[in-house]
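Here are two versions of the same chain, shown separately as structure tokens and labelled structure 1 and structure 2.
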Structure 1
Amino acid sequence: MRVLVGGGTGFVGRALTHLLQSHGHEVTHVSRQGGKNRISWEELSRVGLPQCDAVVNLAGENVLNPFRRWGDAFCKEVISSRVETTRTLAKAIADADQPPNAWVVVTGVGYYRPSPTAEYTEDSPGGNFDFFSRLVSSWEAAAVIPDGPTRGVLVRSGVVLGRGGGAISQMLWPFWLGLGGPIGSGHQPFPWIHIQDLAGIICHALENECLQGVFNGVSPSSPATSNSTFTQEFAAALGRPALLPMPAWAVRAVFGVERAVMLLEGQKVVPKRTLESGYHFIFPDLSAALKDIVA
């Protein structure tokens, strides 16, 4: 297949590109600048969709960037980097003379309401109770292509764990120095997925023509993982202690009240349809996933 990937040069995009190419697919990225095997967002808007068999959008500003203050300007960037890029690609697909067969957008489990007890499958309601749930709703609405032959897939991803980026890159040095610990109470659910499995689910969705709709991008053991469990397993994988909890007030001070919710609360998300689709997780177990990442 010829696959066009928005945000293909990012953390997940690099892993997906590597996997797709290993399966014999051709990959073109959409990014800020054009170049070899790459087109710019401006060129996409102006010229339209290049000939391709599938389109994936992974674009999105890092919400938990601790160096960016949470305010109106950053909120607009977060929204635009997800909703507007998705809308741009959806319009290009709808306007194409030869539309692609598949269209995959990776959103987030922030769609589901945080709860210490409720378990959510792909059929569970959500999407309209705080900034992030409304963001996911707008994001997914922007992906809708009303008519045409292109099948749509939404992958609601948990926290992506992998080497060289994402959450692990922000936590590695504090934990390595023995300064890591649970966040807030530590009891909040921690929905997670290994980067190889997120890339694997996307590739699985592209290669299986019968798949469409919503798939939860979380590990099967994710519902049983709390922030405290993750902290202990990560410290153990590094051979370091995890004795310094980060109190809730400090999280709110650094990230702002709205963003702090993503760290202080969580969702128990079950990949029901993902498993039913025949996808086999490479890293269903947290301990094995973390050992692979820090090895």
Structure 2
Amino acid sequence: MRVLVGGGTGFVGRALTHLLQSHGHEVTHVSRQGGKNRISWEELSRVGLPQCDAVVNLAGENVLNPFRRWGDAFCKEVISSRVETTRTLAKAIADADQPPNAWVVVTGVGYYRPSPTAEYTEDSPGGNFDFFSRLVSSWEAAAVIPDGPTRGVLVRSGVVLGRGGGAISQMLWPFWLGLGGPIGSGHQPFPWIHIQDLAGIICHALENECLQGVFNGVSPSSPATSNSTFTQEFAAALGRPALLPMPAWAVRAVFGVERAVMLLEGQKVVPKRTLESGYHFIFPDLSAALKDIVA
């Protein structure tokens, strides 16, 4: 299969590319930077979709970049890097003479309203109560392709845990130095997935002709994981103490009130359709996932 991946140079994209290539698929990235096996977004808009069997979008400015102030300019970048890239790929698919069979977009569990108790499956309502839920709604709306042969898949991902990027790379040094601890109360749910499973679900969606619609990209044990459970397990995997809680006011001061919600609140998300689709998780268990990552 020839697979075109928007944002394929990033943290998830590198893992997905590796997995797809190991299954014998050919991968081309759509990127802002030139390079081997890459096309630019401008080229995609001008020339149209290159010959391919499937398209994935993983592009998105890092929302939790602590070096970027949470203001209008950054918000616009966060939105356009997801919604506009998705719209550009959807348009290219709709306009293609030979449209691909599959179109997968990875969005986020921010679609569901944070709650310490409610459990959400792919059929649960959401998408219209705060900045992140509305972002996911616009992102998923941009992915819609009018009737055609291309099946659409949305993977709503939790926090992606893996080596060399994402949340772990931001937490590794503080925890390694013994400066880690729960965030805020620590009671908030922590929806998570191992990077190999997120790449695995995308690959599963590409390779199984019958799959379409929404799939939650979280581990099956994710609803039982709180931020403090994660903290204890991560510290244990590193063999370090995790005694220093990060107070809610400090999180709000560093990230801004709107963005701090992502760290101070969380959702219990169940991968119901993902499991029903026959996907077998490699890392359903948090401590095994973390041991693999820090090994």
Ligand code: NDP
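Residue 1 is the first residue of structure 1, and the numbers go on in sequence order from there. The term rigid core refers to the most C-alpha atoms you can superpose between the two forms while keeping them within 1.5 Å. Note that this is a predicted model, so its numbers are computed, not measured. Only residues modelled in both forms are compared.
Practice task
Tell me which of the two, 1 or 2, is the form predicted alone.
Solution key: Pick structure 1 here.
Handout entry: Large-shift segments between structure 1 and structure 2, meaning 3+ residue runs whose Cα move 2 Å or more when the rigid core is superposed
Key = 33 to 35 is the lone stretch that moves between structure 1 and structure 2.
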